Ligand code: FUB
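Take a look at this single chain, the form predicted on its own, given in structure tokens.
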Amino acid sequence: MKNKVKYLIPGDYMADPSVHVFNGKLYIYPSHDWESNIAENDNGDHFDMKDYHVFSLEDIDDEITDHGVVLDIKDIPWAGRQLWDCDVAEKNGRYYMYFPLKDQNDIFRIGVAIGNRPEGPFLPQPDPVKGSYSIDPAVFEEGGEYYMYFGGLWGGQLQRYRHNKALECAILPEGNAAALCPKIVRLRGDMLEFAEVPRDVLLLDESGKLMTAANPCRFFEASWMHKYNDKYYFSYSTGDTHMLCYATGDTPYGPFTYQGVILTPVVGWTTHHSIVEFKGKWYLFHHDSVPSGGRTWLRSLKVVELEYDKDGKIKTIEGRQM
């Protein structure tokens, strides 16, 4: 399916796909859009998701299987509102779903739900992860250690924190000030808590300097990590400049040096993705708002093959031409 897009779930609105290979199958863990009739705003109140489905594929061109609702907001004891992008990691035959959710004070925390199968269902823990905040958890395993990347601006509330502490007033850097960084934290052995204090993921521009807030390719949300030819590829969304970009480094902690654009803007406001190797090929999973006629809060999942050049650079994909 090189350079050919495929819509995965034409009968429903799903977005923000986290994708993994478990037991030889592709498993897709998306957020679930619906028409909540909430006015669109910069805080993202119109993204009022309330459950998660899991989908699987035996092969990239097969018909997709919907395993149904695997976690519902009404079953999470500390729930307020808005189940945004989640991710799932496997350890010792158990599956851990990490999800951002606003608590009853309207503050995003990251929760954990546990399942015995990759298709769920998932049973939520009674409380969020201690010290967690913001959105978009993505978990990467390396040598038996599990690392979570997280963070997102605007509605994702990252601007409300510095050094893992809440501010009295949110501060968004501007101009030549250093851009806000995504976070990384190693998970405890039981996968239920942080094993350390979260630290910044440093993103450097081509000259080796920290990216500034004015850089159109600075971080906004949607962290993802994958490894290719012994290099670590940290990819992310630029949010209000509507691109997927990536940077590479030598360790899971970085620093990461900017390399280029993976995906140019699509129809719709958000761009959120995952990158996975499956049966010898690499794929970019993402979403756009074409099927809903451009309604930014009703998004549809897509997949397209991703390619590297001989130097390991990701070839840019044109979002609106697919």
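One rule holds for the numbers: they count along the sequence shown, beginning at 1. Model, not experiment: these values are computed from the prediction.
Below: the form predicted together with beta-L-arabinofuranose (FUB), not depicted.
Residues of just one listed stretch (267-275, 59-67, 252-260, 34-42) have heavy atoms within 4.5 Å of beta-L-arabinofuranose (FUB) in the predicted complex: 267-275. The three residues 20, 244 and 306 each lack any heavy atom within 4.5 Å of beta-L-arabinofuranose (FUB) in the predicted complex. beta-L-arabinofuranose (FUB) in the predicted complex is approached by residue 84, whose closest heavy atom lies within 4.5 angstroms of it. Although the partner is absent here, residue 285 sits far enough away that none of its heavy atoms falls within 4.5 Å of beta-L-arabinofuranose (FUB) in the predicted complex. beta-L-arabinofuranose (FUB) is not drawn, but in the predicted complex it has a heavy atom within 4.5 Å of residue 47. The closest non-hydrogen atom of residue 221 lies within 4.5 Å of beta-L-arabinofuranose (FUB) in the predicted complex. Contacts between stretch 135-151 and beta-L-arabinofuranose (FUB), counted in the predicted complex as any heavy atom lying within 4.5 Å, involve 135, 136, listed in sequence order.
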